[in-house]
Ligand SMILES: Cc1cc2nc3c(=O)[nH]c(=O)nc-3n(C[C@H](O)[C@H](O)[C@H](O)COP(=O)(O)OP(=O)(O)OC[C@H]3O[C@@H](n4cnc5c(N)ncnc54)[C@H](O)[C@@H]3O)c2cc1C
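Okay, here we've got a single chain as structure tokens, the form predicted on its own, with questions on binding and movement later.
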């Protein structure tokens, strides 16, 4: 990339892992091309490259949900910092434990090191502008970006990489926000966790509820306990006396996600053979362009023999038709197979599956196989335009399986169990309790159990619903129908290279979107690996073609 008169001008809104991956791909693709390109990246935060999820100053208690051995975000050839494990070893002077789950802040520091290498390679062609974009609009042959006190020069192309922007509160949360403003009850957010830790310093002896039982809840529990001076060891949890007296996690079904296999050896049991991975890739490519029934049949046909083989190899009995029945239930009502498990039984089962003391179940095996096949899933789905009803089915299947495929480390599940045994965490109200608002906060009730809580922590990740986005410029683009959903429950319509499509399926010229807000047009977007994958490559190649930079 070089700077000069007549150069193509690109604007990127947001600078987290997604846009870092896109910029690395762009610099790589333009390295051997005689062209002049300038890129302005608008990012108002103090953590460009890392983004809020991996902020370098975030609490070290917030861990990744993938171990070192599975972090494969390979750096571009020009980068000097090496892989994450290499960078970590150089920075700390010790080799990373392949089975450990590192703090998200460490990954953020690594991403910022990659950003530094990128800026050096770009030689001034990339400028980071610490301003919030308030509006983008079509102007003549390009796009006008409004940031700070004045509009910027026209851009030949704009890429949106907004991550998960702030959303309008759902009905329940909006009611609670209003209630907290008029009562003694407090409503807090799970993140930033460092901010939550500071607020929690005043919650000693109080009763707290956590809305949501996903990955974020494990971070919240560490902040409320270890973050207040408590500690875990093989004997359990040792309180400091500064943590809340009682913590009530809750969700619609009260089930925590199933932890990943504890070691590389246990994890290897779920590896697909090369021929099985090839068949999965072919099935996914077929499913992505088919009608929903054909898509489901194609996925089932490739999953059933793999899951049956793994279960048999692990010594588990597999009754005829059992795998097919499980998959059918998953397509129609995800999670219904575990509906009879209590919250405690779900946690115990997950721990036993993860440490290998219990033979794998059908569901656990399907989830781990699906995790192993994520690259093949994206490779089959993302390069094509999937019919809306098929997209709903495939995305719904992928999202449902996240209770297995996106599970936490086993250590997190053990910490939750230790907190239950200590009496600090109570799961009696975990399953969809009724709420009554009181002057002091909330009363929770279910099946005759009640609890009064004065603090509610929201740990639910909002869905990528365009109509609920409350942050410009995405909110304005959605209101003006520039960004339109592919179908109900899905996010924006885009082409495989990120080009935005309008409601009629026409290309919105020179406007692109990558990431979570394109869910449905692409799949499995919440993975860090996807930020540095083929979607970024396709966008970079598209820039070359659209801007006439191929010579």
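Since the structure is predicted, the reported quantities are computational estimates derived from the model, not experimental observations. Positions refer to the first chain, counted from 1.
This next part talks about the form predicted in complex with this ligand, which is not shown.
Participant: Though only this chain appears here, would residue 131 touch this ligand in the predicted bound form if you measure heavy atom gaps against 4.5 Å?
Facilitator: Residue-level check for residue 131: yes, a contact with this ligand.
Participant: Is there a heavy atom of residue 11 no more than 4.5 Å from a heavy atom of this ligand in the predicted bound form?
Facilitator: Output for residue 11 is no: heavy atoms all beyond 4.5 Å of this ligand.
Participant: Quick one: is residue 441 in contact with this ligand in the predicted bound form, heavy atoms, 4.5 Å cut-off?
Facilitator: Residue-level check for residue 441: no, no contact with this ligand.
Participant: Any chance residue 371 has a heavy atom within 4.5 Å of this ligand in the predicted bound form?
Facilitator: Result no; residue 371 lies far from this ligand in the predicted bound form.
Participant: Using a 4.5 Å heavy atom cut-off, which of 158-166, 414-422, 320-328, 113-121 contacts this ligand in the predicted bound form?
Facilitator: Looking at the other structure, the answer is 158-166.
Participant: At 4.5 angstroms, heavy atoms only, are 18, 53 and 191 all close to this ligand in the predicted bound form?
Facilitator: Checked in the predicted bound form: all three residues contact this ligand.
Participant: Which one, 61, 64, 30, 495, lies within 4.5 Å of this ligand in the predicted bound form by heavy atoms?
Facilitator: Partner contact (heavy atom, 4.5 Å) among the options: 64.
Participant: Which one of 249, 408, 367, 473 is close to this ligand in the predicted bound form, taking close to mean a heavy atom within 4.5 Å?
Facilitator: Comparing distances to this ligand in the predicted bound form, the residue within 4.5 Å is 473.
Participant: Within 4.5 Å of this ligand in the predicted bound form, which residues of 511-545 have a heavy atom? Give them in sequence order, or say none.
Facilitator: In sequence order, 526, 527, 528, 531 come within 4.5 Å of the partner.
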